[in-house]
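In structure tokens, one chain follows: the form predicted on its own.
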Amino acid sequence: MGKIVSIHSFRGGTGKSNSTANLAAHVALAGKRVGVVDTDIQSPGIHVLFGLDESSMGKTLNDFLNGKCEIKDVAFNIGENVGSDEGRAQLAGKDIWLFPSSIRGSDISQILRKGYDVNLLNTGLQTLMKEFDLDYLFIDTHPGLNEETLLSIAISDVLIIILRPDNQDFQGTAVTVHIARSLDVPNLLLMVNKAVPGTDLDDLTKQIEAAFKTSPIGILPLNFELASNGSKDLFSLSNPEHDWSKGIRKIAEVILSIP
């Protein structure tokens, strides 16, 4: 049975979707069968990194949750639809699928008004693992804590919490770490993103170890080039020698090494 890897952050703006997409891509390049689910239904965005827009998306997670299709119908085969961008083109022929949420305003507002059945979402995720024989299912979660994120945490084999090196993120992450440990998540990992130039990495590592009783699996730099990329491509594939890209590859190796 494959592993569910949830990528979470207590606040938005941590680079969660970019990190999720790039990590999933490297795991797929390692020859694994990979699924990526966007459960940030209120503000979806990871589809952009894989070259989708509203016109090319097809069925979405919203359709499944509203009883309009089977979960397998939501699949977008990235390996067969890489496009011409330098980074994504490297995924040609790889076993990687995206299960996107709808970007349509009417679909998002319906979720905001009526909510959805979290148990149905859980059933759908488990079905994906079996239907596509996945080695890894990456879940791009909604920031903060709600019913959906608690589900994602509870069913995770690996939970990666992304935080920025500031006090607000430290406090919010402490809450998430406490909940994850109370739910006995098998593998709880912390990743720091957007460390500003000049950061004392040894001191930051010690702060994290003191606050959370664990060492970060990576401290990635604030990446102005990634911001300039504007989600047009998978940055770590198109810019492999950048320090941020090297950090992503090392974290992907950590994920792959978990038994």
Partner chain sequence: MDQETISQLKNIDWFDELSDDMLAGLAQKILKRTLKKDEVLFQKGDEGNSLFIINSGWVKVIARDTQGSDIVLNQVGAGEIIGEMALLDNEPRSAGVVALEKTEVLELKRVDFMEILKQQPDLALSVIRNFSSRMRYNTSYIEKITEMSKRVAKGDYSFIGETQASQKGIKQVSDQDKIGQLLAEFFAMVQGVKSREDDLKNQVEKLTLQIDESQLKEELDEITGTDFYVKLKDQAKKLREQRLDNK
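Since the structure is predicted, the reported quantities are computational estimates derived from the model, not experimental observations. Numbering follows the first chain given and starts at 1.
Absent from the display: the form predicted in complex with the partner chain. The rest refers to it.
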statement: Partner-free chain; cross-checking the partner chain in the predicted complex, the single residue of D166, E80, E86, D73 with a heavy atom within 4.5 Å is D166
statement: Assert contact_stretch over 23-31, 207-215, 60-68, 47-55 against the partner chain in the predicted complex, heavy atom within 4.5 Å, equals 207-215
query: Using 4.5 Å between non-hydrogen atoms, is I4 touching the partner chain in the predicted complex?
result: yes
- request: Answer with yes or no whether A92 is in contact with the partner chain in the predicted complex, where contact means some heavy atom within 4.5 Å.
  value: no
Partner proximity in the predicted complex: S102 to the partner chain, non-hydrogen atom cutoff 4.5 Å: no
L112: touches the partner chain in the predicted complex, heavy atom cutoff 4.5 angstroms: no
message: Counting heavy atoms only and using a 4.5 Å cut-off, do L145, L151 and P197 all touch the partner chain in the predicted complex?
response: yes
- request: Give, in sequence order, every residue of 122-143 that has a heavy atom within 4.5 Å of the partner chain in the predicted complex, or say none if there are no such residues.
  value: N122, Q126, M129, K130, D133, L134
